[in-house]
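Encoded as structure tokens, the following chain is the form predicted alone, with no partner shown.
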Amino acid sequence: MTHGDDAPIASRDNPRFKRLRRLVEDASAYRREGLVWIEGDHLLRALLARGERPHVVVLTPQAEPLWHEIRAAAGLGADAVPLWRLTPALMGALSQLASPAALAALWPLPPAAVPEPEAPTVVLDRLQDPGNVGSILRSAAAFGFRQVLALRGTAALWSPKVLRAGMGAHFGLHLSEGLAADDLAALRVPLLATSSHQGEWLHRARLPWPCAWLFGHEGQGVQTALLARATRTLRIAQPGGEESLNVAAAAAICLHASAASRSATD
């Protein structure tokens, strides 16, 4: 791949633009293309902060000063990364943000992480909402759960919507997706699950560390066969009387409880 020409791409028929559009519009296109669409300077800064380098930077001519500021702060030379320049109109056509970003990047899809048997883990069982998945990745990273295992039927972890919701958490996690329930047999840590009507009260429980938390489908919850594998079942106190919590909110509460329990014993 060579450096972009000075003239920005202005045609929707341009092969580069078509490739970018596939990555933006098809949630699973990254698997075929081997590239992840990173939109906006926040995600790009988060990527660089982890010592990673984009495959190519996509930007409007007006965003070049911002890119040079970002890459200089990251210690990259002026010619370290190829540039694809797009007109503002084409960049806006790609963006899924309310205020289209003028700066984006393509990054090589990292290989799926091999599950670590004793790592603090989050297991996602068929979660379908990208916002929920991305939010849980943020909580996992914040509370020390470095491994996320997504079972088949879960929203594509590297899709643009999940990446935006993750706010950079992806780049510090070991992610593996498309797993079968039987793949969890490799885990050597206690498997914890939540229930709205049975189990120990979370706020009273002494939680093990490391452990694996299991979170299920937004409407159906964790599949029954998988729930039967849980070492412990816990429930979250809801004195307000709601029937259930959003799965991303429940995950944040549970993962924080594990982090707090760990800190109390350190």
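Just so we're clear, the structure is a prediction, and the values are computed from it rather than from any experiment. All residue numbers refer to positions in the sequence shown, first residue = 1.
Below, we refer to the form predicted together with a further copy of the same chain, which is not included among the displayed structures.
Enquirer: Could you tell me if residue 66 has a non-hydrogen atom within 4.5 Å of a further copy of the same chain in the predicted complex?
Expert: Result no; residue 66 lies far from a further copy of the same chain in the predicted complex.
Enquirer: Hey, in the predicted complex, is residue 240 touching a further copy of the same chain, heavy atoms inside 4.5 Å?
Expert: Residue 240: contacts a further copy of the same chain in the predicted complex.
Enquirer: Is there a heavy atom of residue 144 no more than 4.5 Å from a heavy atom of a further copy of the same chain in the predicted complex?
Expert: Residue-level check for residue 144: yes, a contact with a further copy of the same chain.
Enquirer: How about residue 31: is it within 4.5 Å of a further copy of the same chain in the predicted complex, going by heavy atoms?
Expert: Flag for residue 31 set to no.
Enquirer: With a further copy of the same chain left out here, work out from 55 to 63, 197 to 205, 22 to 30, 220 to 228 which stretch has heavy atoms within 4.5 Å of it in the predicted complex.
Expert: Of the stretches listed, the one contacting the partner is 197 to 205.
Enquirer: Which pick from 159, 121, 135, 154 sits with a heavy atom within 4.5 Å of a further copy of the same chain in the predicted complex?
Expert: Partner contact (heavy atom, 4.5 Å) among the options: 135.
Enquirer: Report whether all of 85, 96 and 101 sit within 4.5 Å of a further copy of the same chain in the predicted complex, measuring from non-hydrogen atoms.
Expert: Not one of the three qualifies.
Enquirer: Within 163 to 181, which residues have a heavy atom closer than or equal to 4.5 Å from a further copy of the same chain in the predicted complex?
Expert: Residue within 4.5 Å: 169, and no other.
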